[in-house]
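Before any questions on binding or motion, here is one chain by itself as C-alpha cells, the form predicted alone.
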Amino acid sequence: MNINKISLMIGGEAGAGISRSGFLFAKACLRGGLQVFGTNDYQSLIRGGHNFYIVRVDSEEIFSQSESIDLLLALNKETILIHKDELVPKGGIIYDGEDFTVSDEELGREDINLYSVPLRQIVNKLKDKLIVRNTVGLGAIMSLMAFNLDHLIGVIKDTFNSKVADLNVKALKMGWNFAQKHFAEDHKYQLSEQKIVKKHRVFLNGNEAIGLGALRAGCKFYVAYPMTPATGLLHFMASLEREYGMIVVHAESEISAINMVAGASFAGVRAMTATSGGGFCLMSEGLGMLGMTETPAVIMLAQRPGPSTGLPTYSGQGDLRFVIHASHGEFPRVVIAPGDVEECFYKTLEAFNLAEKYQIPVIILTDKYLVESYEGLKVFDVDRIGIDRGRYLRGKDYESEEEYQRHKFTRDGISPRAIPGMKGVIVRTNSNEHDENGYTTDNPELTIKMVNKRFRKRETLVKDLENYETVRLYGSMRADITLFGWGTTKRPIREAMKRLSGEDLKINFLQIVYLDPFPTDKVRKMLQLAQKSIVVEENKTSQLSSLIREHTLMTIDHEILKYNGRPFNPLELSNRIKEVL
C-alpha cells in the first residue's frame, strides 16, 4: 500500500534525544521530495518528564501537525499509555519489548500493530551510548515505510562529525536489518519518493528564519538573555558570529540586553534582541527610552503562556495587547506577527527597514509553536527586499552650514540621523523630554511640539504601510464564513480550511500580519463582506477581537479560543468551526 503520507511521533523522557531524532527523520523525508512539518512538545525539565516530537509528511502541501499518528516510536512505556488513543486504526508502535512490556489490558485496543525491536541490545552491541537507540528505531521505521535509507544516512553524515556519524549509521542499518528480517511483509506505511524539485529546499524553524532575516538585513549586533522559546535564536546567531562578522552577546539580564541594543543602534549598527513575555516585561523601560530617543531597534518576542513563569515550554498568544502598549507614555512603534517560517524571514527584513526608516522600535511577535516548529520550504529570495536605512547620514564629514540637530523638526517627523564620531557633528539625545538639540526641557509648548513630531512619523508610517502586505487573504473575497487570525493560528486554520473544502462551505481567512499600526480599512472591508465572522486565537480574552472592535467599531460574531498552551489541531478546529454553524 502506497499512502504517500504519514504522521510519526517519537516519544520518551527529556534528555533522550527525541527532538534531534525527529529532525533527522523529517529532513530525510524532505530530501525524498516530500512536504514536511515538524513540531515538538516538552516539559520544563532537563531530565525525565515526557517529551515528544511529531513529524508530518505528505506529497501534498501541509500547514500543521495532524491530530492522529500512524507510527509511534516509544522509548518508554509512558509514551504508549499517553498516546495509544491517538494512533489511527492499524497504526504501529515501535518499542523495545526487552525493555518493557505492555499488556492487552493496558493497551485497550486490538487494532494496533506492535513492533518489538531490541533497541537497547543493539546499542550494547555497538558499545555506544543509550541515546543512539533512537537511531536504531529510525532504521526500523525506514524499513516499515520501505523508504530510501540513503536519505537518512546522508542527513546523519551532514549533521554529525565523522566518528559520531559512523556509529549512528551502523545503528541505523542494524535497526533496518532487524525490521527487514522480522517485519519484511508488513509494509503498511509505505512512503514513496516524489518528483518534487529536491534541490533548493531548506528545513528551518522560525528562530532560524528570523536569524537569517536579521543577517540578510545587515544586523551586526545581537544580544539576548536566554529565555525559552527565544533561546534558539541566540544559539543560532552565536554559531554564525564569526562567519558574518558580527558581535553576539549573552547578556546578564534582559534589562542589559535592551540597553545594549540601544547603545549599539545609537552608534550606527543594526541591532536586535529577543526574549519571551517575562523578559519583555523587564525590557519595557528600555523600550520607552528607544521611543523617546528615537533610536531604531528590532525586538523579537516569542510568546509563551503567562502570567509569571506560566507554562515556560508551551505556546500562547496572550501578549498582543501588552506589546502594543508596553512602556509608559505614548510613542510610535510597529508590531508584526509572522504566521509561518517563510514570513519570519521576510518580515524580519521589513522590521529592520522600518525601524531605521522611522527611527522607532519594531517588535516581531511570535510564539513557541512558530519559532520551534520546522518547515520544508523553498530557499529564500534574498533580493526580494532591499535594505533601506532611512535618513542615515553617511560619510565621514557632516556637510551642512547648520548645526546638526538630532531631533530636528521636519514635516514628516523624521530627523536626519548622524552617527557619533562624524566630523562636524555632536549627537545629543536624552531620555528626558528634550528640544531639537537633545537638551532636556520641561517647556509645555515645546513638549507638545516634540510629542507631535514623534507622532507625525506614525502618520507617514501608516501611509507607507499601504504598500506593504499588512494582511493576507486566503480564499475568495466573499464567503459564508470569514475567519480572522494572527500569528501561527494561520497554520491550523489553513489546514482546517482544506478539510472543510469538501463540505460545501465557502470559507475564507484574513491573516492580520501588521497589528500596530492596525490595517483598519482592510479589516473593515472584510468584515463588511463577511456573512459570518469568527476570530481564532490562543488566549482567554480574544485580544484580536477587541482590537478589531477598537479600530473598526465592528463586532466579531464568534470567537474560537484555546489557551492550554497547545496549538489547535486541524480536526479540533474544523469541528469547532462547524459548531458555530
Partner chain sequence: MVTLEDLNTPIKNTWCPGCGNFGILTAVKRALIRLSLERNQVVLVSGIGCHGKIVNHININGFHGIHGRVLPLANGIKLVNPNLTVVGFAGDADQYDEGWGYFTHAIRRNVDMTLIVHDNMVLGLTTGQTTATSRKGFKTKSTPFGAISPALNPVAHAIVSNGTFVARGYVGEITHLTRLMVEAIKHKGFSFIDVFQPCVSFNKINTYEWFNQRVYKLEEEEYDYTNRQKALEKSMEWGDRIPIGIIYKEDRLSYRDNLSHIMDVSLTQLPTEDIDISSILKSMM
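Residue numbers count along the first chain shown, from 1. Since the model is a prediction, treat every value here as computed from it, not as a measurement.
Below, we refer to the form predicted together with its partner chain, which is not included among the displayed structures.
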Could you tell me which one of Leu215, Ile385, Leu465, Met227 places a heavy atom within 4.5 Å of its partner chain in the model of the complex?
-> Leu215
In this chain shown alone, the residue from Ala262, Leu191, Leu320, Ile94 with a heavy atom within 4.5 Å of its partner chain in the model of the complex is Ala262
Report whether all of Glu208, Ile247 and Met289 sit within 4.5 Å of its partner chain in the model of the complex, measuring from non-hydrogen atoms.
-> yes
Ala165: heavy atom within 4.5 Å of its partner chain in the model of the complex?
-> no
is_contact(Ser256, its partner chain) in the model of the complex, heavy atom dist at most 4.5 Å | yes
Report yes if any heavy atom of Pro420 sits within 4.5 Å of a heavy atom of its partner chain in the model of the complex; otherwise report no.
-> yes
Is the gap between Ser431 and its partner chain in the model of the complex 4.5 Å or less for some heavy atom pair?
-> yes
Select, from the options 227-235, 101-109, 142-150, 291-299, the stretch whose residues sit within 4.5 angstroms of its partner chain in the model of the complex by heavy atom distance.
-> 291-299
Going by heavy atoms, what in 345-382 lies within 4.5 angstroms of its partner chain in the model of the complex?
-> Phe345, Val379, Phe380, Val382
